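Presented below, as structure tokens, is a lone chain in the form predicted alone.
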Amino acid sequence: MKFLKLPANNLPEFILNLRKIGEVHIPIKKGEKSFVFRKMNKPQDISLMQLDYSRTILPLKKYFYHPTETMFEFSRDGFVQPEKPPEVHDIIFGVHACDIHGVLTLDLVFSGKYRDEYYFQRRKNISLIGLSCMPDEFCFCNSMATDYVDTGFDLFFSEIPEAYLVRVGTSKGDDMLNLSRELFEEITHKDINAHKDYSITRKKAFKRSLDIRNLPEIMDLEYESNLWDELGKRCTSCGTCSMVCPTCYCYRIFDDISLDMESGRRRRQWDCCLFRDHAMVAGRHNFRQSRADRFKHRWLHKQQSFAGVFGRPSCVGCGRCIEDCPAKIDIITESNKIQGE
């Protein structure tokens, strides 16, 4: 893997040069403490960029898997795919390792038995540039082994004093680097030692931990635990945790019929297994009528059933669900509780 150093003072020029390839999206503060990825419309937007952010409100899935989208239109004459907008290459700068893992997880899901071409049509036109970060009080990506990533990015920027150590992950990333080759320098042993020091400091900064080695087994044994009822009483089934989760991918499909009943369109929209009607079938029968059952289903899927299919949990430890839950349900505390701690 190729490594170079970018002095911090050269970063704005590097980002501006990326616009020769496509639209650049950067992390920008929204409100008092929230952050979003937003398209950089003019060079002055770089001054709004927040490189020390902890997490964005919505993860990257909003780029690949839209909250709502038209799948096709229909009429008595047949089905018509919606006209595709012109392809634009997006470059998302400043993506944390846990969110890159989130994208890799969605890649697994949407490339399964029934490949989702809507997802991969967008996926192929988006480049990811990673950025190191310091954990805050909600992060537990180290417990999920997602605090480091060695694939899924084109470039990855790791902070060192007054500079960034840059890893090249793909040939596309190499092309980005060559656009601004004069801005980069060769790394030195001092830079390597600084990177090691940063990694050690970061490792010590995590305030939360979750031992997942036997968690699926314990959850199976505690399937009838009273804890699920307690959590069900607290959970409001608002679905916030699913909407902000990097790896939740459930959606509902519905048809919008025109007033003349001659045509319409089929759409899909993000859904959540905590919603009461998510598991409802014909005759209004519901497999998970109670909130306790729905809460249990969601967390067992994250830590147990997903791992049974794909070999790893789908949770990436980003902390969004803990920070944003209006009921203040801390999934780390509750998971440790069910393990007897």
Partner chain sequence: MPKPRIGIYGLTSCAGDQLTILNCEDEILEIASRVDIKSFCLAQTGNEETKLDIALVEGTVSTQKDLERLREIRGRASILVAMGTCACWGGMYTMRNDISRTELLKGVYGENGDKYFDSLPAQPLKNFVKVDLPITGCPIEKKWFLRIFKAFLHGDIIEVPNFSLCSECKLKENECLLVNRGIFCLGPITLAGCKARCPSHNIPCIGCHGPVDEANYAAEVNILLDKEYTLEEIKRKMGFFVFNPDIKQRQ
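Numbering follows the first chain given and starts at 1. None of these values were measured; they are calculated from a predicted model.
Not pictured, yet referred to below: the form predicted together with the partner chain.
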property	result
Selected contact from 152, 173, 216, 239, since only one has a non-hydrogen atom within 4.5 angstroms of the partner chain in the model of the complex	239
50, 305, 70, 34 - the one with a heavy atom within 4.5 Å of the partner chain in the model of the complex	34
Contact of residue 328 with the partner chain in the model of the complex (heavy atom, 4.5 Å)	yes
Interface membership of residue 207, the partner chain in the model of the complex, 4.5 Å heavy atom rule	no
Proximity of residue 184 to the partner chain in the model of the complex, heavy atoms at 4.5 Å	no
In the model of the complex, residue 299 touching the partner chain (heavy atom, 4.5 Å)	no
Which of 194-202, 93-101, 250-258, 129-137 sits within 4.5 Å of the partner chain in the model of the complex, heavy atom basis	250-258
Contacts with the partner chain in the model of the complex, stretch 225-250 (heavy atom within 4.5 Å)	232, 233, 234, 235, 236, 237, 238, 239, 240, 243, 244
